[in-house]
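The chain that follows stands alone, in the form predicted alone, written as structure tokens.
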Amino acid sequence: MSNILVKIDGRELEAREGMTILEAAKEVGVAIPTLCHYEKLEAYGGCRLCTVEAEVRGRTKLVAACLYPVEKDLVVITRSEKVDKIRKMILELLLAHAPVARELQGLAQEYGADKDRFRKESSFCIHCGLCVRYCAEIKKKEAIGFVDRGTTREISFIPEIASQECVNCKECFPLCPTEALQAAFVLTQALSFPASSFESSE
């Protein structure tokens, strides 16, 4: 497997073929914000917070760093007026769903995002898909999934599976950037789980 010379924020490195910009950036100590990325999972590109400017042979485009593979003569800029503007907008949209999420608040402060810019749709889920993907890819249980589409899309536990698998697992809980997952689990448990599930979780 050959190495590829790339430049990220002025820092050159020999990246391995098959690496993404996000992976290459970490190698040179450049932090790119993400909300839907987890190293043990397949790249998803859902939140787009990792958007960067990628230039190849004189052409520049905006790409998701977690998905875009390194290539010969690639030049990446991870912070620019254009990139920061995109990240700010994304954060403002996400804050409409989860205005009190600590992780979002920290990023909002860094990028100057206004948490009150958009009307609140406080579902607290920002559709990062970490819980859904972790359960499917790592645990192979598929006890949680997405329901509906667009603005009404939400995560939902499958009671028949969750009542058997989730009470003693909960490995996906720490991955949730907004704690919406924990709230959804408690609601599902209260409405759908048999009484024995409550007893085993105590």
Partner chain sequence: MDKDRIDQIIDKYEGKASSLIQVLMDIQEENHWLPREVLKKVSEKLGVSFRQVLRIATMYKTFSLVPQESHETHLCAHGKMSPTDAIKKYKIEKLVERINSASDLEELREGILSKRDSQKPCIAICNGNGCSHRNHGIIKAFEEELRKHSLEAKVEIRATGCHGFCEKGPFVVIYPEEICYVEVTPEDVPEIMSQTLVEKKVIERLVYTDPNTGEKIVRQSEIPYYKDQTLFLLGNNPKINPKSIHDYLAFGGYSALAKALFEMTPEQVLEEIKKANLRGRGGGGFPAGSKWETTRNAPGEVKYVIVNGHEGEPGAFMDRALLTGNPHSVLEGLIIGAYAIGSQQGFIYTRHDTPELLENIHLALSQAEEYGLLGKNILGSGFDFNVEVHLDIGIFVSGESSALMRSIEGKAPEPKPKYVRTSVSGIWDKPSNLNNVETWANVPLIINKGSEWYRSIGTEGSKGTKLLSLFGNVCNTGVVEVPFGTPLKEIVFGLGGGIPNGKKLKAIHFGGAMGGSLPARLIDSPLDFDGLAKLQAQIGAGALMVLDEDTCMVELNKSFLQFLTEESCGKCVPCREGVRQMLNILTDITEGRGKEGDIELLEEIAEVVGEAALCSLGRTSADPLLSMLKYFRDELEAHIKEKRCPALSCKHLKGGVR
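Positions refer to the first chain, counted from 1. Everything quoted here is computed from the prediction, not taken from an experiment.
What comes next is about the form predicted in complex with its partner chain, which does not appear here.
Undergrad: Taking its partner chain as it sits in the predicted bound form, is residue 153 in contact with it (heavy atom to heavy atom, 4.5 Å or less)?
TA: Yes, residue 153 is a contact residue.
Undergrad: Answer for residue 166 alone: is it within 4.5 Å of its partner chain in the predicted bound form, judged on heavy atom distances?
TA: Flag for residue 166 set to no.
Undergrad: Contact with its partner chain in the predicted bound form for residue 176, defined as at least one heavy atom pair within 4.5 Å: yes or no?
TA: Residue 176: no contact with its partner chain in the predicted bound form.
Undergrad: Could you confirm whether residue 54 comes within 4.5 Å of its partner chain in the predicted bound form, counting heavy atoms only?
TA: Contact check for residue 54: no, nothing within 4.5 Å of its partner chain in the predicted bound form.
Undergrad: Quick one: from 126, 76, 130, 104, grab the residue that has a heavy atom within 4.5 Å of its partner chain in the predicted bound form.
TA: If I apply the 4.5 Å criterion carefully, the residue I get is 126.
Undergrad: Can you pick the one in 32, 64, 70, 162 that has a heavy atom within 4.5 Å of its partner chain in the predicted bound form?
TA: Contact check passes for 64.
Undergrad: Is it the case that 7, 39 and 98 all touch its partner chain in the predicted bound form, with a non-hydrogen atom of each within 4.5 angstroms?
TA: The answer is no: none of the three residues contacts the partner (heavy atom, 4.5 Å cut-off).
Undergrad: Heavy atom within 4.5 Å of its partner chain in the predicted bound form: which residues of 77-101 qualify?
TA: Stretch hits, in order: 82, 85, 86, 88, 89, 90, 93, 94, 96, 97.
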